[in-house]
Structures are given as structure tokens and as C-alpha cells.
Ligand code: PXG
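Only one chain is included here, represented as C-alpha cells and corresponding to the form predicted on its own.
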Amino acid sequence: MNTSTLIAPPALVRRAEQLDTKAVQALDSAHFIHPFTDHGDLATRGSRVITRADNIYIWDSEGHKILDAMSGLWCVNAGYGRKELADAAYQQMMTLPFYNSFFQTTNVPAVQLATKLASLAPEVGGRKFEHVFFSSSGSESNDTNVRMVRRYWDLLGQPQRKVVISRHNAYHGSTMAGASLGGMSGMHAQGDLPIPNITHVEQPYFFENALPGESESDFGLRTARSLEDKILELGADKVAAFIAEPVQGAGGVIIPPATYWPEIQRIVDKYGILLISDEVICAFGRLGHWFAYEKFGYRPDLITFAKGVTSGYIPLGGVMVGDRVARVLIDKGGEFNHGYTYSGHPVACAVALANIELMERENLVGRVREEVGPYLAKQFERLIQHPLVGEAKTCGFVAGLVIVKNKATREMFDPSLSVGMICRGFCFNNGLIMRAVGDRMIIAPPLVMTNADIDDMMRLIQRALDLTLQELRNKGICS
């Protein structure tokens, strides 16, 4: 069968009423293997076909307007429909659409972007970031981190230092190294992961893991010290680095206590191990700073970035390489046998430069820190009054709430009930994208939101919670 006739020509795809949704869904099921998807379930339900977007909204092929409170996948920081970014891509494509950065070759946008990123990364505690290694994603960037960290210790005559410590429930990508660095059991169950010399310690999730009567401050210290316990267990001379997200994203927007990061810094300094800050989600204004380590005051050696650097308009990632590592690699390393075809892709770098210029012109980072971030916190934290909400917290422009069965005791619903997915369904069906991580509901809205947009979003979240409560009561699951 000739399937090409089943889909409207590209010019018609902009108009949902002229698109045959069922035909697209049939082809999708037949040919497109999606990430993190049960394809048997997908074939039964059919994909939601997204056809266009503008500002903070997307539209599906049935004409439904949906407020995207997840910024695509944590990445559309500057909002949809930014002509400046499309123009930057077009102009670069017409000038130099591609050339590689192997064989002592470079291109102007890559050089300009590396220079710009170095200027945006603040010096903290004497540590500077003057060098950048480019990739196309956060997953690739974390593979680079493993290669770079082990090469660093090899060059210093300590090749036995190979172990990278991460955290349970962390997310660092889905490649072999990225999924191993991450601490998600569902990912480790597939593919014999983690790979050797990667191990994990406790996450700083106070709501779930605190001891009875333990203060948040004491919990932060205790959780951080699980890193020191692991270092001593393995032997400090075997440990190469510790990797962590400033705020855990895909794990459920887990915001660490204030005592956590200072104690982590003390520990890595004591044992001389490298610190990797995975800021794929948290950088480029998401937490009200260009880079999140500045907000928490710690001193990383390597910074993973992606997503918001181009506002998701084109794939780009990379690693900010601190001087401690860069000087060893450059001065002692000779050829670093690692890289990607698209490292420093000129079109991706041109879009990133235009995106950063746009964000600076509109002061998006400052607005998150001083205006819309505090306003979101004030509105979101009011959700604690809802009968289902046991916790509601924000950090910059990420937020998470926990759905509980009993607020007083923090009793959770039976996981088999998938209450979070029930709530997510009500979000989708009422014009809102809000992600469920178990029974945690999380958001990461576009940074271009206004206070009025936040009010609209909060009404949609409130409605989804109310409908969830009503359904649970109708089923006799809660009173």
C-alpha cells in the first residue's frame, strides 16, 4: 500500500481540521518507535498528534489548545514561535549548513558560542569555565563526562580512579553511560545496567526519606554524608567523580535542603574527587540563573548542559569544562580520542547564540529570579490547602506537588492505583500538560510566562486536582 497519500501535504498540516488524525496514528504505530513508550498500549490508544505551537500553547490535530506547563521536555525556555530562532537557523543553513570540527577545523558560530558560554558561567571559589566541549544532547554530554573524568585521572597517574558516584532516582540520560549514571531502577532493569564502576547513594528527598522527627536541615546533612560513606566504602583512591542534578528533574522535581550542597562540597574537597553538575534541565534561566551552581553556591569541575541552550529549537548539548580539568587535558593529554560528528554544529550554535541574545534582551533569567519565579512560588504553594496535596514546592521555574491519601500521616495511595496518571489524564483532557512521576505532579513552564499566564495555569491545575479527588471519592478510594 502506498502510505504517502494518507498524510496531508506539509502545507496543510498547519490546519488541524485538514489532517487525518487516524491515518497519522496508524502510520505512527506502524513505523515510529517512541522513547520511553509501551508500544502495545500506544497502538491501542493512539498518539496525540501535535501540529503547531505558539508562546506557551500547543495545539493537537483535533484542534485542542493545551497550555504546555512542561516546556516541551523541560526545554522551550523562550516559548514557541520565536521567529528570531528560525531566522538564525535559516541564515546559517544558507551560509554554512554543516562542517565537522575534527582535523583541526572550526566554524564561526561554534567559536562564538563557546566564548559566550564562558562569559555566562560565573567564577565561583576561584574556579573558572573557559572551555566547552559540544555534543547534541545531555545524554551524549554525560558520556563525554565519563570519558573526560577517566582521562583526567589517567593523565595524573591515577588510572585506578574510575568510579563515578551518582544518586538513586537521578536522571542523566538514556545512553549506556547516561542510563548507568542515572539511578532509575526501571532503566537499570533493561540492558544489564549500570555498567561497571558506577554506583549510587541516597537522594535528598525529604518528603519520602526523612526519619521520624528529623529536621530538613539534619536530613540534608545526613543524605549528603551518604556520599562520604560510599567513598570510604570503595576507597577514596578509587573514586573519580560525583555527579548530581542541582534539582532532580525527571525524578520528580526533588529540591534538596539548604544544608545539602555545602556538605557535598566539603566532602568532594576533602577527598579530592571531581564534581559534575548536570544542568541539562536547570541551566539557562530555569532556576533564575544562567547556571544553577551559582544559585546553590557549590563549585563544580564539569557542567552538563543541553535543552534550554537553544530553547529546544534544535538539538545541542555540551560540557562546560572547568580549568582544573581543562588544563590537564590540554597541557598533558595529547589527542583526546573522543567526539561526535555534530560537535559544534554551526546551525545549532547559531540558534543557541540567537536564543541567548533573545533571553538577555528580554531579561528572562532575571524575571524568573525576581518576578515570575516568586509569583509562581506564592501561587503554587497555596495548593497545599487541597485535600490531596501533601507537599507543594517550587525552585525558580520548576515545581512539584505530592498527591497523598492522608495529609496528616503522609500516607500515600497504593501505587497500583496510578493516582498520578489519573490526575495527568484530567490535566490533558482539560487543556494542560503536567507530568506525573508516580504520585508526584510536576511542571517546568516556559520562562516567557506572565503572572496572568501563571494564574491561568493554576486554575487548570486546581481543576485537575478537583476532578481527581472526585473520581477517587466516586470509586470509594478516599473520603
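The first residue of the shown sequence is 1; numbering continues from there. Remember, predicted model here, so these are calculated numbers, not experimental data.
Beyond what is shown, the protein has a form predicted together with this ligand; the following relates to that form.
Among residues of the shown chain, Asn145 is not one whose heavy atoms approach this ligand to within 4.5 Å in the predicted complex.
Heavy atoms of Asp301 never reach within 4.5 Å of this ligand in the predicted complex, leaving it off the interface. Taking the partner from the other structure, this ligand in the predicted complex has a heavy atom within 4.5 Å of a heavy atom of Gly138.
The closest heavy atom approach of Ala250 to this ligand in the predicted complex falls within 4.5 Å. Here the chain stands alone, but in the predicted complex its contact with this ligand, taken as any heavy atom within 4.5 Å, falls in 169-177 among 345-353, 169-177, 192-200, 391-399. Proximity to this ligand in the predicted complex, defined as a heavy atom within 4.5 Å, holds among Trp261, Phe133, Trp290, Trp74 only for Trp74. This chain appears without its partner; in the predicted complex, the one residue of Val280, Met320, Ala78, Ala241 with a heavy atom within 4.5 Å of this ligand is Val280.
Of the residues in 418-456, only Arg435 comes within 4.5 Å of this ligand in the predicted complex through at least one heavy atom.
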